[in-house]
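One chain follows as structure tokens, the form predicted on its own.
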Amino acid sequence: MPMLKKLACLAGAASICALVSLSSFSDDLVPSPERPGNSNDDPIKKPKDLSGRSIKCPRVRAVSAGWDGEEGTTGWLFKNDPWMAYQRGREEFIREFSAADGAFGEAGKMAGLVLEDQTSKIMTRDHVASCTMCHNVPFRDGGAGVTFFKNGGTGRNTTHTFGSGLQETLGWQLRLKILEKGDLNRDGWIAKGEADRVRAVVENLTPGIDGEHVSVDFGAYGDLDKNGKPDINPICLIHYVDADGKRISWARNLTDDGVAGYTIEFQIFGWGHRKGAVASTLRAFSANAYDMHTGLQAYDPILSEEPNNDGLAGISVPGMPQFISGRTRDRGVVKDARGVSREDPDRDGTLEEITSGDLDLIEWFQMNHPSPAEKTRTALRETGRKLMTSAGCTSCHVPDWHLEAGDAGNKDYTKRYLGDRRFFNLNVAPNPQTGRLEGRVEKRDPLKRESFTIRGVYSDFAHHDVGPAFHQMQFDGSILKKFRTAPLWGVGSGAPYGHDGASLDLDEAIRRHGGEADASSKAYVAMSEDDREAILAFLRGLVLFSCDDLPCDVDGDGKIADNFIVAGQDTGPERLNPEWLFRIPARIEGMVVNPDGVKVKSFALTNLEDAYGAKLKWLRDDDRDGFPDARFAANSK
């Protein structure tokens, strides 16, 4: 039976057009980026990639469930096959979505927040098919990338996602530490007059932790300048509340009717806006990016439901509290006979373009994504590091931060830290003999929520005015002056620099600083050429890397094998390929003869379906409609 007729039989006449994309094309017509074949396959029927680095699995929408969920649900994968879940999340990040997936439903439409004139939109929609189109250096690892139009004609530069899970967890901790000093009676919010003249000062490291200790001042809790808003740093998004601590969605000032105080969320990602929300979590950031940049709307109750009307939404399966500011356009108010949301906000005929389970997986990938690395600390680079402190650079580019251990049951809500939620840490350092970067996988238990010190991030995550050279005239003529301190880890992997990508080398970026950074910039300019070169040498050594090619001890035996054996096949030098660590390790094809008649090692898989769990209950999609077969079987009972 043709696929479209099959779906028409499932639903009544009112929902015949429910799915037009993946579910309405035969297999040979659906645009698809997958290359699952090996050397023995017909490349027309089964596209091949002997490098093994293309996406291998057909698109099937993931099903969100807790850690005790049935096989193939996201929580089950996190518990039983975390590396496969990581790789599936990574494939979502690098996948090229097509119109059949629901991409580009509103291409070119102006959208997003409005600027100060209350009319001008901040950007246009639907201009890339994949996250890697912008996050592309290095290509497959969520790196830095292009500058695109946003807020104004000077644009915004794409930042990398290395270490993003640690940053996200730190953002929650910073929120709690700021609330700790402002919410004196611990009722969950800061009342007008409760802590007006108190400063929100947070220490980057707890006593006893090695490193450069810095006190970061996030402003005052009161409205001392009488502009109707708390004098807290703009990195904190304000949610105004009534006398019961309930959010007043329309309120914009402390003086608005019914406002008794406020609570905050810490917007640790993005460059910053003068008003409005920038997603504060990886999940919300991903859902927003899918919608704005690719035209894929997510249906996700975890982001869109606010149970206590206090600004907090649900808690994701990977364990991150969400905020209502990240709610999605697809609310799932109306569902079809199979339980699929029929909202279809962009009216392109494709339903549930991104599911809650999809967001679980891409959150899991980004949450566990390794941190940037540092090359060999030579005498020159060590001098540069010391000069950064003496010039005052590290008062904003704070080197290290300490994550407190998780304590979800603490009676004081401001001490309910998340701890480290990752299932592995990748320790990357230069080999003392060769100087090459090498990795070591360190297993972690995400349920233990242990403490962890984040080294070498170099940011206080606050918004600062660093002078007119960084100011941005927005589309409507208003001026945006304050931006988040750019984390310097990974900065040595390439230009451009600045929120607008306007600085093409590090020396230019430093000289461009003024305003709150004027003294540090002048100190740099006044240095000798050798001292300036020492600082630049230090910064150039803060680098990203290709996870696929990183020599790495992945099995914990203390060495990096020249011939790493996986599933009976020699895979070559040991490296960080998640497929080697699946519950059912991926088995490569091995030595084959290529079209040139030369023997090469094929990394195409011979056990693809088993390794990637294609037959697991909640991943199995035999009819290729893009949804797990079990989902509709359950809903049809």
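Here the structure is a predicted model, which is why all the values come from computation and not from measurement. Heads up: residue numbers just count along the shown sequence, starting at 1.
Note that the form predicted in complex with a small molecule isn't included here; everything after this is about it.
When contacts are judged by a 4.5 Å heavy atom cut-off, Trp189 does not count as touching the small molecule in the model of the complex.
Although the partner is absent here, Phe93 lies within 4.5 Å of the small molecule in the model of the complex, judged by heavy atoms. Interface residue remark: Trp271 is counted as part of the site for the small molecule in the model of the complex, having a heavy atom within 4.5 Å.
Contact check for Glu516: a heavy atom falls within 4.5 Å of the small molecule in the model of the complex. Heavy atoms within 4.5 Å of the small molecule in the model of the complex are found in one stretch of 396-404, 374-382, 231-239, 206-214, which is 396-404.
The partner is absent here, but in the model of the complex a heavy atom of Arg156, alone among Arg449, Arg140, Arg156, Arg444, sits within 4.5 Å of the small molecule. Out of the listed residues Phe545, Trp172, Phe148, Phe564, Phe148 is the one that sits within 4.5 Å of the small molecule in the model of the complex by at least one heavy atom. No residue in the set Ser64, Trp67 and Lys415 has a non-hydrogen atom no more than 4.5 Å from the small molecule in the model of the complex.
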